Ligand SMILES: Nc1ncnc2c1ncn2[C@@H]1O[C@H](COP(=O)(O)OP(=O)(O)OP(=O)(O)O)[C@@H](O)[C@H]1O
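A lone chain, given as structure tokens: the form predicted alone.
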């Protein structure tokens, strides 16, 4: 089992969801987050004051998958999120030692579904 965490541009979320659904990945958690990577933010003028914006709006997806779904999930995220520009995001794949479905008490591969 793996936990796949992706940080992407908010505007790319519909495309990523579509690509995931096409790859038969329907279960995910989506959160609005802020952060910065290589682009390190930008400055803008607001009411005559210079404001440095170094934390940008992003969307974070967390998807727990069984081992046979890892490659298709990662490929779907890349397909939906890639624009070729700086700030497209990152994908992290981590081992997931256990998963427990609260409703039934199932754990492991059966709990992920």
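A quick note: this is a predicted structure, and the numbers were derived from the prediction, not measured. Numbering follows the first chain given and starts at 1.
Keep in mind that the form predicted in complex with this ligand is not shown, yet the notes after this line are about it.
All of 21, 28 and 80 with a heavy atom within 4.5 Å of this ligand in the predicted bound form:
Not a single listed residue reaches this ligand in the predicted bound form, so no.
Give a yes or no for residue 7: in the predicted bound form, does one of its heavy atoms lie within 4.5 Å of a heavy atom belonging to this ligand?
Residue 7: yes, in contact with this ligand in the predicted bound form.
In the predicted bound form, does residue 36 come within 4.5 Å of this ligand, counting heavy atoms only?
Because a heavy atom of residue 36 falls inside 4.5 Å of this ligand in the predicted bound form, the answer is yes.
Can you tell me if residue 62 lies within 4.5 angstroms of this ligand in the predicted bound form, counting non-hydrogen atoms only?
No - in the predicted bound form, heavy atoms of residue 62 and this ligand never come within 4.5 Å of each other.
Given that the partner is absent here, does residue 71 sit within 4.5 Å of this ligand in the predicted bound form, heavy atoms only?
No, residue 71 stays farther than 4.5 Å from this ligand in the predicted bound form.
Need the contact residues for 55-69: heavy atom within 4.5 Å of this ligand in the predicted bound form, sequence order, or none if there are none.
Result: 58 alone.
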